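Heads up, the chain below is alone and in the form predicted on its own; it's given as structure tokens.
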Amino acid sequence: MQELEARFGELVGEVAEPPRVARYAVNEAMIRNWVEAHDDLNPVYVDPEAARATGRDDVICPPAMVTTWVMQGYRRWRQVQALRAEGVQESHAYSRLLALLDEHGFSSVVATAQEQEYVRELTPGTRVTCHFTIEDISPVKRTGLGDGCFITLRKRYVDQADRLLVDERFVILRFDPTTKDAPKEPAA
């Protein structure tokens, strides 16, 4: 494990992958779908008059929705899974990290934490871009799901003028499920 953990240092601080540019500008139809799915009744998201009554020019996007604008869709997800199954790794740091973890059996993933700081409201017409950085990788730890490491991704969402919208830390656990019930090794 020491060899694996030593390689983590090569990846911390690296740009995780190319910036993700939203396929669509923030728009009222997607906002309406999202608030209905979440049963969010805040009128500033769907009623321009209610939004103007709060001093805004128009409706706004729910802040927690920011991640949805840069999701790459199932086609890209299937492409990434196919590449991983073939052992192909893309050139960016996050792909190299996942390939390294796959080689050592840490092939399962679960999200464990997400913190977002909202800096600027998203309004219809905003074009979101997200910049990812690998901020931290923990040493391998014993967890209830198996041995694994926690990866912290720093995500900075900006608008088309490169103004910060949301600053996020997203933590996932990459783990080896075959070690879930393995006896703990004695300390050296």
Partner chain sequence: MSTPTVVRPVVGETLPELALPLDRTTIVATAIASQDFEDVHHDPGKANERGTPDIFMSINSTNGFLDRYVTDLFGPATRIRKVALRLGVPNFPGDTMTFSGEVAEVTDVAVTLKVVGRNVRGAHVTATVTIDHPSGGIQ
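Since we're looking at a predicted model, the values are computed, not measured. Numbering follows the first chain given and starts at 1.
What comes next is about the form predicted in complex with its partner chain, which is not displayed.
Mapping the unseen interface onto this chain, Pro124 falls outside it, with no heavy atom inside 4.5 Å of its partner chain in the model of the complex. At a distance threshold of 4.5 angstroms between non-hydrogen atoms, Asp40 is in contact with its partner chain in the model of the complex.
Of the heavy atoms in Pro19, none are within 4.5 Å of its partner chain in the model of the complex. In the model of the complex, no heavy atom of Gln79 sits within 4.5 Å of its partner chain. Taking its partner chain as positioned in the model of the complex, the residues of 11-35 that bring a heavy atom within 4.5 Å of it are, in sequence order, Arg23, Tyr24, Met30, Asn33, Trp34.
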